[in-house]
Ligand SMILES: Cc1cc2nc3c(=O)[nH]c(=O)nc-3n(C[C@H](O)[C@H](O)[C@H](O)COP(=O)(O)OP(=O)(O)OC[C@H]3O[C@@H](n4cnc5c(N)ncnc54)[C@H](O)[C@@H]3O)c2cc1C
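Shown next as structure tokens: one chain only, the form predicted on its own.
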Amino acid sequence: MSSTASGKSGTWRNWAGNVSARPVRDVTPASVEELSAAVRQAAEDGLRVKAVGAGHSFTAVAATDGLLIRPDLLTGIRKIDRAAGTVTVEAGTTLKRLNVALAREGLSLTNMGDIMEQTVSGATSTGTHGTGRDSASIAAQITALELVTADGSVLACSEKENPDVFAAARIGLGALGVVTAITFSVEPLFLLTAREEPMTFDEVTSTFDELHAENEHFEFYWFPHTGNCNTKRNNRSAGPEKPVGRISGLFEDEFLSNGLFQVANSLGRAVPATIPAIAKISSRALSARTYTDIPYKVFTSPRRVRFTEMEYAVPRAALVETLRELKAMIDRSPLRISFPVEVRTAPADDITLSTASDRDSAYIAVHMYKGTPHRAYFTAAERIFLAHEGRPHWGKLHTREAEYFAGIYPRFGEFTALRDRLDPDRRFGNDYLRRALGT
């Protein structure tokens, strides 16, 4: 088992650069047995333990001053069971590597988020999701998982084996143990046709129920300071495969959506008064297009411009009202917002602390360019989300504490009781979990 430095001067930082930690030591176990031994040693040394993934959470959910576990060597596919329609994968495997490997085998996840850089354990543990009328988050596609608990033992979890742990650990926040392997439900590789087109804010909000009902996956971005949105509809297709052309992809996905967008945000950060004018130009930069490809190439996009983010899930029926209130707040405020607001949906699921637990949900994500003050915007937006029984994404910025979560999650007590049983000494605790879960 190797031990490596945590970045410059022993400091670990997340992708956005807004969270850092200085662990006493870190380890990169090459097997589950080595990971278990590291957890037992940490207990003997009185150290708290956290596993990190790719660092794409904006909260300090993975930060620790004790032992930092890196899953870099716990990667790859353990088993593909075609009869059961499942794949078992090591926890440190990135979603990109998993999806490429599945495609080679003629298989696919049913749904995904919009980036692939996260590890499977990090993405699922914090509730990463895409958008879907009928298909839910990545964690909802888990059929079994393996967990190293506080005493170093390895626990297998599924609907049949340790079902109470399975219900909670699919989105476990790292509070119940270290996930070492995940079994996902998969299906034969299929094609999706994506239709991207601009619409006005009023058009999208007035017809949202129809757009949601008519499309398997519908999402949109609204550009503050404008009445403009970019929409995306993904639906299964019989083909033929018609991917985005290489030149078109380089121009729209790299030059416009990343390169030019980076320049625009840098200008807006330096001269905030220019942001409304820039937003009007940015919101019209992308034209309508339609393409057909395998799922991960449709669901995901390159995201190279760094930012901070807050995202809340509200009841789907409350989406339009919530979004209109957000727009009205921005329109009457002196805020200058250079990043679009992202809107997605998910059906209800049965995961204890899922933001879609027991209710059909819509997600509203607000962003600010890295290095731009975000507190005033996020505070005002959060106030609106809370008025609509919002549930914050566990990996994105929020100010909520355990008392709030106990009131907004009907099964919150089940999770904390399970945590008391599996980790009474809070071996996997940190400041973020103390705030979110209590003690």
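The first residue of the shown sequence is 1; numbering continues from there. Fair warning: this is a prediction, and the values are worked out from it, not measured in the lab.
What comes next is about the form predicted in complex with the named molecule, which does not appear here.
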* Thinking of 15, 177 and 344 as one candidate spot, does the named molecule come within 4.5 Å of a heavy atom in every one of them in the predicted complex? -> yes
* Heavy atom within 4.5 Å of the named molecule in the predicted complex: which of 115, 165, 192, 330 fits that? Just give me the one. => 115
* Which of 370, 48, 393, 400 has a heavy atom within 4.5 Å of the named molecule in the predicted complex? -> 393
* Examine residue 385 and determine whether its closest non-hydrogen atom to the named molecule in the predicted complex is within 4.5 angstroms. => no
* To do: Give a yes or no for residue 61: in the predicted complex, does one of its heavy atoms lie within 4.5 Å of a heavy atom belonging to the named molecule?
  => yes
* Asked: Is residue 66 close enough to the named molecule in the predicted complex to count, meaning some heavy atom within 4.5 Å?
  -> no
* Asked: Hey, in the predicted complex, is residue 307 touching the named molecule, heavy atoms inside 4.5 Å?
  -> yes
* Structure fact -> Testing 233 to 241, 102 to 110, 119 to 127, 286 to 294 against the named molecule in the predicted complex with a 4.5 Å heavy atom criterion leaves exactly one stretch, namely 119 to 127
* From first to last in sequence, which residues of 53 to 72 have any non-hydrogen atom within 4.5 angstroms of the named molecule in the predicted complex? -> 53, 54, 55, 56, 57, 58, 61, 62
